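In structure tokens, the next block holds one chain alone, the form predicted alone.
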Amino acid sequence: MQALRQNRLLLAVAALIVIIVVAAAVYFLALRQPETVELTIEYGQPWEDLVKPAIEQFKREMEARGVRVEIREILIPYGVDIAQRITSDLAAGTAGDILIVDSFLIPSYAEAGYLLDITDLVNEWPDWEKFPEPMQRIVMYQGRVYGVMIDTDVRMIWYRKDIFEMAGLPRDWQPRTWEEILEAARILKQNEDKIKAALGIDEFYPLYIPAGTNWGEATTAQGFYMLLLGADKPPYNRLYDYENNKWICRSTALWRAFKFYIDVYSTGLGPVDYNFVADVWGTHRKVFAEGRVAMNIGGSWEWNEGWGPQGIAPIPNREEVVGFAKMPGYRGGAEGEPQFVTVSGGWAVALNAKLAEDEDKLRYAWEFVKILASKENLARYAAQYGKVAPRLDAREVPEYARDPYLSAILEFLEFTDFRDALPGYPEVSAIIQEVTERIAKGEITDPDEALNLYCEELKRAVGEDNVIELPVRRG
């Protein structure tokens, strides 16, 4: 009898174990069923070769975790104004979960509540330290982070090594002050006849800095800002006073920047007419390639887009005759002023603010951002298109490291800066374009007159209560 009871107990225990095992198996099988994640990414066609490989990598990594991913792409084709389309979609509430946006627009998007604050996310991401401080600040608004840079650019002084050599100037040239730039321009001017005869050209100008309204924003971003940032020590070297929340109407930096334009255009060192042709971009590339201009203040993209084998104005022996130098500060770092300056723009990946309502979706969207903005992905894409990678560790990727030009200009990211992208900036930029146009035409030859005109127009554009006047040191 005792044995029978023991057998029944053993059978009951065995049955219970079977039930537990089966239940556990069903439970764990259920857990292994792939979770489905649906995300949309909206981006322009220029970034297709960055986004599509990232999508495939993201899918592989998620599937390895047992997560099924469905990503819908909203591709904005070539020929469509990408920034305008994304702005419209954000305003309409139809924009993607993940967006590639113009970094210049991040402040206005953040102010409007369109983008998610990702400060806490990037602070927990080890890769964030690989983006130099300027690349971090460019995606910030009021101290908070709203994106991660995926490509960028810098600006410099392009110069013709062969023409410098004709004038007795060094082929490997790096000016330390504004005066050294102007002195090189004057020496080139003195050798004008020799240079024209050697190159078979009928006109020659030592230095071309964009001026006037035909250039549009490039006058401000590519020319004037390069001067302004180096013209005084921070925070007096900007268009906007962030402590008082006002646009700067007068300052030493503004005065010095206008004076540099006058020094170039009132003395014949710069080409006036080139600023007023229909195609200023094509012209400035072509005249540099022909040797009609010896120094050209421009962007990093010109190495390939301008003078590369497939560029607008190819220079066959580009590596031998084209050089680039960092733009120095007014006095090259003296008295707290910047030693070198440059300006960056570029595009960033950002998250739609609506993701805050879905924690799971947000978690996976952030995983995609980290893959998209990884060292390997950004470096390979940048190398493919001759762009500047926004990460300093891009030089560790073989595809990027093989290009000596791209590796060299990574140094510029350590001291770069960006425009004061605030409400009212387009109006301020337009005033700068108008004043520099009048300087280039010879209508203004006194920096005080230029500064007075700028101040008057600025007050009219943004209101007298929204400007501040700082002390002006002349010289």
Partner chain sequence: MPLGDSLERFAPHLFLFPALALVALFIVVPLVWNVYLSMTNFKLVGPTARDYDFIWIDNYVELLRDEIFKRSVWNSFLFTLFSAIIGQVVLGLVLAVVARASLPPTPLGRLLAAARTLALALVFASWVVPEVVAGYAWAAATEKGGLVSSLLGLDYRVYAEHPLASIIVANIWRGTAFSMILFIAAMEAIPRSIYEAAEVDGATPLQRFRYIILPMLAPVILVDFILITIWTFNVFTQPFMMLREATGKEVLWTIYVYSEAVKLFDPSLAAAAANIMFVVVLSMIVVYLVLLERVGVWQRA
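Numbering follows the first chain given and starts at 1. None of these values were measured; they are calculated from a predicted model. Definition used throughout: the rigid core is the maximal C-alpha set that superposes within 1.5 Å between two forms.
Form predicted in complex with the partner chain: not shown, discussed below.
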Please determine whether N317 contacts the partner chain in the predicted bound form, using a 4.5 Å cut-off between heavy atoms.
no
Closest heavy atom of G113 to the partner chain in the predicted bound form, within 4.5 Å or not?
yes
Is E48 close enough to the partner chain in the predicted bound form to count, meaning some heavy atom within 4.5 Å?
no
Going by a heavy atom distance of 4.5 Å, is Q433 a contact of the partner chain in the predicted bound form?
yes
In the predicted bound form, the residue from I138, L105, V388, A185 that sits within 4.5 Å of the partner chain by heavy atoms:
L105
Of T177, N191, T87, T252, the one that lies within 4.5 Å of the partner chain in the predicted bound form (heavy atoms)
T87
Segment assignment from 376 to 384, 169 to 177, 77 to 85, 147 to 155: heavy atom within 4.5 Å of the partner chain in the predicted bound form
77 to 85
Would you give me the residues of 282 to 313 that have any heavy atom within 4.5 Å of the partner chain in the predicted bound form, in order from first to last?
none
Taking the rigid core as the reference frame, tell me whether L115 has a CA displacement of 2 angstroms or more between the shown form and the other one.
yes
By the 2 angstroms cut-off, has the C-alpha of G336 moved between the shown form and the other one once the rigid core is superposed?
no
Return yes or no for G200: a CA shift of at least 2 Å between the shown form and the other one, with the rigid core superposed?
no
